[in-house]
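In structure tokens, the next block holds one chain alone, the form predicted on its own.
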Amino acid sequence: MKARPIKRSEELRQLLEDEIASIQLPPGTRLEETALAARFGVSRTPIREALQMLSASGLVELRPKRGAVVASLSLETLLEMFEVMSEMEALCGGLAARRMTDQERDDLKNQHEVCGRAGESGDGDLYYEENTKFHRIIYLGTHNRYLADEVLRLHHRLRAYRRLQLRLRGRVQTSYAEHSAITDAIVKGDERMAAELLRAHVSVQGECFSDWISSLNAARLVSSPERV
């Protein structure tokens, strides 16, 4: 299964998104278009487009006369956001189990199979793209437009972190197994089980992200020991 071709600006957005989420670019860092263009060997246009996308997801602040700056967001706040996300996803799972049409249930099962093929490819980012479509089918299956819009907004805000946690060893396979149980519960119309499984699924993502950051910090300490 091949990934779709992506624009250079989207590729740059992903690269910068990874560096921000993994704190290689800490909060408050200025992102100068000229310097970034030189670094990546591109014109300023795709850099500007990438920064606008990062601004839309809340990772970057575009300040008048100061340009782009990495937004401040603590690990504590991120974990709180995952906590809210887990409850919103649980609500979506319960409603989707009750309200999805037969066609929507078939769409969910088909997308689950697509996720499986993406997972087998070994491409974590491709799996994330298909995983996002899987969750979106659930959101829309609630038949509650307001809820779907709000959870999609928060999902977009946490995109970088949800994508990064899939790089932990074995997480893609675990995620797919969790999707299998979620799909089964929704297709059977089991509201309680669907809600519980989705709550746990997203809560684990928050924990995995925390583990990811801890592993990065540990690696920095090993590679850059404190001088005495």
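The numbering used is simple: start at 1 and walk along the sequence shown. Every value quoted in this text rests on a predicted model; they were computed, and no experiment measured them.
Below: the form predicted in complex with the DNA, not depicted.
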| query | finding |
| --- | --- |
| Segment that reaches the DNA in the model of the complex - one of 27 to 35, 195 to 203, 170 to 178, 155 to 163, heavy atoms within 4.5 Å | 27 to 35 |
| is_contact(R39, the DNA) in the model of the complex, heavy atom dist at most 4.5 Å | no |
| Contact label in the model of the complex: P46 to the DNA, heavy atom within 4.5 Å | yes |
| Contact of R66 with the DNA in the model of the complex (heavy atom, 4.5 Å) | yes |
| Q14 within 4.5 Å of the DNA in the model of the complex, heavy atoms | no |
| Distance direction in the model of the complex for the C-alpha atoms of T77 and P64, relative to the displayed form (3 angstroms or more) | closer |
